[in-house]
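The chain below stands alone, shown as structure tokens; this is the form predicted alone.
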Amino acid sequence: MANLESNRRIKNIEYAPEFTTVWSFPQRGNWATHNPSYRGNFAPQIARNIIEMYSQPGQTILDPMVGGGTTLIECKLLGRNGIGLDINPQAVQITKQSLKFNHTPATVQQVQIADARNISFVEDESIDLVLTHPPYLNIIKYSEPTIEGDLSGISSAAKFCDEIEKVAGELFRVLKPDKYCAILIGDTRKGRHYVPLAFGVMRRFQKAGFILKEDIVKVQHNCSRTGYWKAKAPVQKFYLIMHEHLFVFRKPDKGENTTILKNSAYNM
């Protein structure tokens, strides 16, 4: 495939850096090998904004739940080295296929099967940025039958957060001090009630030692089930969830005093 330029306008999709904490992409990026067919993958604009804001060319970015490979495609286009992990062999193969294009300058993109809760093969403090998009409980099941350890097979929010806490601990270990970890996560409903899954995940990352830097609200578009639920919502008295949270965490620098933060905002 011909060399792909990471410019600002590719295939008529305009890209521009975001400057606020509300992001909306009615038309998702379709440049390079990005493909929306992997259900639940995030828009390339999200990956590009985070990578450009929080990393530099030549640095190493980790996506421990790589899915369809959006993060690593952007790593390759933007001159960053990438490590993509997924517990699902199918996702690993899809990502490897998506990375089959030429681009200069050359970077190293590693993709392999791994459980995000145990990535002991990744060295301590070796990663410059973490960017990932976990499943939202079992709303979308990514393996059938469910692979042991696949977070998308969990229906309990409490159990899901327990497992996410293990992931957070590993990400905290491998991330360099004063570097960033970005997680896109949404909420759900159980029966008549709203389940704030995203804030449960946020708390577990804080418990692991991360400091919350940003809470970016990402507007959802083109959801496949919107039409089905739109008619039911007025009757059953609920609003459709059309947003996700993009949490950006920072790992404190060595010797940094975080007492003020932990004694104020985090303990409200």
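These numbers were taken from a predicted model, which means no experiment stands behind them. Sequential numbering from 1, following the sequence displayed.
One more form of this protein, predicted together with a small molecule, exists but is not displayed; see below.
Between 173 to 181, 147 to 155, 120 to 128, 191 to 199, the stretch whose residues reach within 4.5 angstroms of the small molecule in the predicted bound form through a non-hydrogen atom is 147 to 155.
Using a 4.5 angstroms threshold between heavy atoms, Asn88 counts as touching the small molecule in the predicted bound form. Within 4.5 Å of any heavy atom of the small molecule in the predicted bound form lies no heavy atom of Gly82. With a 4.5 Å cutoff on heavy atoms, Lys76 does not count as touching the small molecule in the predicted bound form; it lies far away. Contact check for Leu62: no non-hydrogen atom falls within 4.5 Å of the small molecule in the predicted bound form.
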